[in-house]
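In the form predicted on its own, a lone chain appears below as structure tokens.
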């Protein structure tokens, strides 16, 4: 568990590496993200500015300061892409005001294994990904509406010969042997709504980082449509190292 960054998919292009190979890449605007809240496992670990909280006691007494309770775990809450105050709720405005920021369109929390080093109100930029070779990207896939089994589950068509009229793309039977009184089996692959799902694409290569413009160039299938929001984090996959048999030299 490590700190990630929020971003937005901008589109695709191609760049050339030093060896001359052409690589198709997806441009992602990663950050800057505002640290809206820092959560700690114990109350003693809070910074000076986060040790107190306020509670509304009514119109007469007003807001009263009280010690902030521990959250029970370590996490950092980031906000990305500011939005106008006229389309923000009072809860969003008040929460962002504590961090000295504006309300944001995307708010996500990253759980950590140890106490975070960032503080409330700081900014997280694309420099966080410097030295990272591969990332895991979380996004919402494109919506494709209501589709059949061939497009949704990669089914094959039925034979196109005579005697199979108008059944070339049908889903077929439901798999029940005696009756359908028990309903459709759970998980049965059928026609239905396709897309608009939260997916994670792992191990995408970081080809280039533009720190001045907060851009990161990724090689691989980045989910979602252009201007769709993404969550980027250092990949959890580990490259396998296959040991060579004794007496066999491995070319580097």
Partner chain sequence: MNLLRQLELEHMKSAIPDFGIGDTVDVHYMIKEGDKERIQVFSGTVIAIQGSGIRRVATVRRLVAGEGVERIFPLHSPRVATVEVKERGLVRRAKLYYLRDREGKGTRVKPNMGKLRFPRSGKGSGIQKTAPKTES
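Given the structure is predicted, the values throughout are model-derived calculations rather than measurements. Numbering follows the first chain given and starts at 1.
Beyond the structure shown, there is the form predicted in complex with its partner chain, which is absent from this document and is the topic of what follows.
Visitor: I'd like to know if residue 11 sits close to its partner chain in the predicted complex, meaning any non-hydrogen atom pair within 4.5 angstroms.
Guide: Yes, residue 11 sits close enough to its partner chain in the predicted complex that at least one of its heavy atoms falls within 4.5 Å.
Visitor: Report whether the minimum heavy atom distance between residue 68 and its partner chain in the predicted complex is within 4.5 Å.
Guide: It does not: once its partner chain is placed as it appears in the predicted complex, residue 68 has no heavy atom within 4.5 Å of it.
Visitor: So in the predicted complex, is its partner chain close enough to residue 27 to count as touching (4.5 Å, heavy atoms)?
Guide: Yes, contact at 4.5 Å.
Visitor: Counting only non-hydrogen atoms and a 4.5 angstroms cut-off, does residue 209 reach its partner chain in the predicted complex?
Guide: Because no heavy atom of residue 209 falls inside 4.5 Å of its partner chain in the predicted complex, the answer is no.
Visitor: Please identify the residue among 40, 215, 191, 201 with any heavy atom within 4.5 Å of its partner chain in the predicted complex.
Guide: Answer to the contact question: 215.
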